[in-house]
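Below sits a lone chain in C-alpha cells, taken as the form predicted on its own.
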C-alpha cells in the first residue's frame, strides 16, 4: 500500500510516493512548468510582465501539470495501491472561478485531458501569486479597517501584507468589478488543485487560510471585518475554512479511472507549502525549528502556544495543529551569491574563505541588504559593513553568512523561540560550513534534509498518518528522520563570541534603520 504527496511550487510540481508500511520513499518525480509546459509562456513559473510588481501565473497550467504528473506516475508506480493523497501549493496565490466550476468538476471525463475540460471556468485567466507586490493601497485599507497593522497581525497572524491573498482579492474586486461580479468561487492554489481531485469545490485548510489576512487565528473562522474590508459577499465565494485533518472523501471517479487509482483512495485538504514543509522536516513537537536556505531564507518554528511575534513576522497554523512562526528574509542566497561573484569566487572558494576566518569575524559585521529586505523592513537596498572595507573577500564571506544568522537569532529571541534543533533544507543547506555557522550562531544542532522537496514529503507524511492512524511523532520517525543527516553541533567555546556579536549586530541594525 502506498500514499502520495504532491506539491505545486512556483516553478514545478513534485510527487513523492511512500510505502505506507515502512514510510520509505519509493518514487519521486518533478515536472518543471517552463520546460515541460512551454505553451503557457512562463519564466520561472510566472508570466513575464512589464510591471515588476504584477506577477501572475495561468491556473490552467497547474491543472495540466497535475494531469501530466499523475499520468506519468501511472506508468512508474502501481497507483492502484495508493490509499490516500495529500498535497500542498505555493501560498497566497488565488484562483477566480465562474459559477460553472462545480458542474465542470462533477462532469469530468476520464478519457480527455483535464485542462481542456476546465477552459471555460475561469473568471480571471491568470492568478496573482506570492511574488506579486501590487497591493500596497489595499494593505493600508485593510489595516485601517481592522485598527492598524498590529491589530491585523493580532487577529490574522500577520499585518496586511502585499503578497497575501486578502489584499490581492481586494485589488481585483476594486479594479475589475465586472470580472469580480462573474466570480462565484475564489480558491487558493492549494484548494483549487484539491477541488480537481475531489471532483467538487472544497474549502481552504487552516494552514493556508492563515496566510490570507482574512482568518481569525483564534477561532479558525473568517474574520467578518476583514472580509468586509476586502469585498462584498466574499464569504460565499471562499467557502468555509477547514481543519487540515478533515477528510474530503474519495478521489473523483473519473480521475480514479483516468490514472488507475482505486475508488477507495482518500483525500486530505491541501495546505500551503511552508506548513507542509514543516511536516516534511519533522517539526511536530514544541520548539522544533527549521531553516530553508534558498533564494530567500526562511526561519520557521512550531509551538503549541501562539508565539509573541514582532511586527515583521508571520504566524500560520501547522497541519499538526500547532502554531508556526515564520520569518522570511529576502536576502538569502542572492546575498551570498552577490558576495561570491563580487570576489570572483566559486562556491568552493567561498567555503574556503569561510575557513580562513574565525567565528565572530574579529568583530567585523555586515548588514546584508543587497536587495530590499522583508525582515527587518528595509524598502531600499543598501549593504552596510562595520569594521572593515568592501575589498576584503574573506571578511565579506563570513560577514554575510554570520549577519544572516544573527538577524534570525534576534527575531527568534524577540518571539520567545528557543530552538532545540534545526532542520535545514534548500541549496545552501548542502554547504557544511554554512550549517556549522548556523549551529554556532543559533546555538543548537542543525541537521540537513536529504529530500529536495520537503513540502511534497510533508504532504505524503500527512497521507501516511491518515492511513496508519499513528501519531505525529511516529510518522515523523518513520518517514522524515531517515532523511536527516548527522547534526552540525554547536561549539560551546564560541557561544560567548556570538552572544557579544548579536548585541553588536542589534545596535548596528537599529542605527541603520533610524538613519533610513
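Numbering follows the first chain given and starts at 1. Just so it is clear, the model here is predicted, and its values are computed rather than measured. Throughout, rigid core stands for the largest set of C-alpha atoms superposing within 1.5 Å between the two forms.
This protein has a second form, the form predicted in complex with a small molecule, left out of what is shown; the following refers to that one.
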Problem - 4.5 Å heavy atom contact, residue 296 to the small molecule in the predicted complex - result: yes
Exercise for the section: With heavy atoms only and a cut-off of 4.5 Å, decide whether residue 192 touches the small molecule in the predicted complex. Expected result: no
Handout entry: Distance check, residue 407 to the small molecule in the predicted complex, heavy atom within 4.5 Å
Key = no
Handout entry: Contact flag, residue 92 vs the small molecule in the predicted complex, heavy atom cut 4.5 Å
Key = yes
Handout entry: Interface segment, criterion being heavy atoms within 4.5 Å of the small molecule in the predicted complex, picked from 249 to 257, 83 to 91, 196 to 204, 213 to 221
Key = 83 to 91
Exercise for the section: Only one of 123, 274, 315, 320 comes within 4.5 Å of the small molecule in the predicted complex by heavy atoms, so just point that one out. Expected result: 274
Exercise for the section: Name the single residue among 265, 226, 442, 326 that comes within 4.5 Å of the small molecule in the predicted complex, judging by heavy atoms. Expected result: 326
Problem - Did residue 296 shift 2 Å or more between this form and the one not shown, C-alpha, core superposed - result: yes
Handout entry: Large Cα move at residue 374 between this form and the one not shown, threshold 2 Å, rigid core
Key = yes
Problem - Residue shift check between this form and the one not shown, rigid core fit, residue 426 Cα at least 2 Å - result: yes
